[in-house]
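One protein chain, two forms: both are listed below as structure tokens, the first as structure 1 and the second as structure 2.
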Structure 1
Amino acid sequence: MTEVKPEILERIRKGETALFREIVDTYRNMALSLTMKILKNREEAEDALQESFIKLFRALVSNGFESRAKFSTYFYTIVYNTAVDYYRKYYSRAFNVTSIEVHEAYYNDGDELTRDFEPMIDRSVYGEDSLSTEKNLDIAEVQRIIRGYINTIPQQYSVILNMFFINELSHEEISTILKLPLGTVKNRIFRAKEKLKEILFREFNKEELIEYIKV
């Protein structure tokens, strides 16, 4: 877990502005990942992130941040709220992380996770059958599938996954920042992983994949 030492924060508060660069360097990539999940555009995501850092700096020098609070939670709350504000400004609608829109008549639980992903799979390579045991395991292809899946899941999932895996926030912290029930947070992470597992085992030989993973 990446956490800034309290003495660094104190020194910044007392005027050692140059030390703030350490915070920027430590968090910039992890935080950009979060703003990208919300805004889906690099320019806007970097703008939102830059503003988040400025807000953080102002909060530090004006004692807005209480040292009793956990720094990363405080920072990612700023990042999330700023990105959501940008989203509202650019898309003229509120960012919805709570409910998942379902329009299909034959909707099954979890279908929304692969709604945009399934069309990406090249059936001429993989065939229509559920298991392609003939196919040799190509790890680059495995990674491509994981990446494709992650990049196409709804934001209601990707934001939570990002907070959990990249921003290293706990279920409770995510629940607090997003104002979602703890059970919903846990459930979405679980379902997203289960669906990915299902896709991989459908596309590749399970035993072969496990053998590769073990190596």
Structure 2
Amino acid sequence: MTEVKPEILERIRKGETALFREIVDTYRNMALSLTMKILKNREEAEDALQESFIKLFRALVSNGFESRAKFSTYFYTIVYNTAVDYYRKYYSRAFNVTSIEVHEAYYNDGDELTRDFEPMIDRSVYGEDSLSTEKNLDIAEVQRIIRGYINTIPQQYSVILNMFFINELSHEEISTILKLPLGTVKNRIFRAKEKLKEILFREFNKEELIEYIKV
């Protein structure tokens, strides 16, 4: 994951505020994916992200961010908390990233991770032999399927998976940001990855995928 160099942060703090654009350009798309997972609305997600950058800028120029802290953890904590505040504002209820509510008598453990997702392979890329394990791995296609999968699973999983795959945060960072036990974070990531692997291994060469999906 790209980390902002400490000297850039220090120069911003000392008045070179134009350098803040580098931070926005580096983190905007990845951070927007997180606010979208929480708010499910593009306009609200954009607003939450804009406010997050404003909070970050103010913290940097007022020396509210300590350089010995990891920047990505600090920034995504702001993004997550701001998006959750917006969620409470618009939906007048708490955002719960821990529990999975199950009301169906025929529910099987793990159903919430696959029920609403069916990968759509781009046949223009793979043609009639798209399921052949002889095909070379197409990273863009894998990323598209991963993003589609993350978009369909419950928020209690999607937020954590987005942080892991898209924002490239560690288990420990996610635990810190979400204020969840490390074991809960690891369990959610493990369960969702196992289901994701089942999907991807049906479509792509298993050996090529092992390192990419961080088994």
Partner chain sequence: MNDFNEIEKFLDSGIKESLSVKTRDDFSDKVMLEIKMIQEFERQDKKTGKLFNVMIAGVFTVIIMSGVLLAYLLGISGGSGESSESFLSPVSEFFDALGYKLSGIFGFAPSGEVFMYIFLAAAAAGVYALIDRLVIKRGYN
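Predicted model, so just to flag it, every value in this text is computed and none were measured. We call the rigid core the largest set of C-alpha positions that still match within 1.5 Å between the two forms. Sequence positions of structure 1, starting at 1, serve as the residue numbers.
The form predicted together with the partner chain is structure 1, not structure 2.
After superposition on the rigid core, the Cα atom of E16 is displaced by less than 2 Å between structure 1 and structure 2. The two forms, fitted on their core, place the C-alpha of I199 4.9 Å apart, compared between structure 1 and structure 2.
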